[in-house]
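In the form predicted on its own, a lone chain appears below as structure tokens.
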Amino acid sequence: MSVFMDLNVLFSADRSRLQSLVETAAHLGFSTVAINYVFEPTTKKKQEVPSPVPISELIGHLPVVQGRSRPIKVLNRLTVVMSEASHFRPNATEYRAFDLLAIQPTTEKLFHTTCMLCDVDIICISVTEKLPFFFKRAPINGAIDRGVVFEVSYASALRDSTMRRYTIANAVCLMESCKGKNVIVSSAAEKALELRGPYDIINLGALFGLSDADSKEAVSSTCRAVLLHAETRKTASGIVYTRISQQDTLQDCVGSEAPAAKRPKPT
């Protein structure tokens, strides 16, 4: 039996709305959801990266997944909307508080940089407007080789006919370049009525240019691969961070002991 996931449920300060979202996701058969904190830096003023609210404070009682005997798993995710290269800070300590890390690049140059260099789990494709660039296979293949996935969300298509056209057009353009590989389909839902069941999403994948098998993987096995990638990324970055800290400490110690070593011995 497949394990279905929705890795993009938008954070809301309204606790009852968020509780309703999680309960509906569990009722539809999703075993895992990720609460998405969207961070869009601006050049006008310095903004702090939002801190995730503990799940126990957001949701009092985790509902049981439909057809299973276990409660739904809820994760925290950060999505950085990057309009300048400086908006994403590699190894920033603020990112460590989140289970998943995503970037939504807004230009072709930033998309290329994100695919080839940025250590993230998900690259978001904008679906609310026409993309200002075309997808090229070189950066997409680079992201696939690094285990990074691309995300297409569908909730915007339910709100407005214009955004529906953009969603389908941008998704089809992506699928033509990546051949349906390393793609997840999530909701980006703001309220419970915007959620759809896993098999409805699998059918929706046909409109995006996905095969039946790739559509099913986009809400199941590929999502599981994202979680594994996130665990590996956090472990690796933690090792790097620890090594850098140790090196700095050793250098400080050597620097403080160096003058003492040069002092003449007392006669």
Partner chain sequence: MVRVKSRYLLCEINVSDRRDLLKLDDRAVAGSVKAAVARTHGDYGAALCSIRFCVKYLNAHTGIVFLRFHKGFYKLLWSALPFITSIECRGQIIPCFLNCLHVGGTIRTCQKFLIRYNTRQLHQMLPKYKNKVEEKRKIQEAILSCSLTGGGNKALEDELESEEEDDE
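Nothing here was measured: the structure is a model prediction, and the numbers come from that model. Positions refer to the first chain, counted from 1.
Same protein, other form: the form predicted in complex with the partner chain, not shown, and the subject of what follows.
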Original post:
Wondering, does residue 138 line up within 4.5 Å of the partner chain in the predicted complex on heavy atoms?
Top reply: no
Original post:
Would residue 234 show up as a contact with the partner chain in the predicted complex if we use heavy atoms at 4.5 Å?
Top reply: no
Subject >> Contact test in the predicted complex: residue 147 vs the partner chain, heavy atoms, 4.5 Å >> reply: no
Original post:
Does residue 40 reach the partner chain in the predicted complex, with heavy atoms at most 4.5 Å apart?
Top reply: no
**OP:** Report the stretch among 105 to 113, 188 to 196, 75 to 83, 130 to 138 that approaches the partner chain in the predicted complex to within 4.5 Å, counting heavy atoms only.
**Re:** 188 to 196
Subject >> Among the candidates 174, 157, 124, 143, the residue which, in the predicted complex, approaches the partner chain to within 4.5 Å (heavy atoms) >> reply: 157
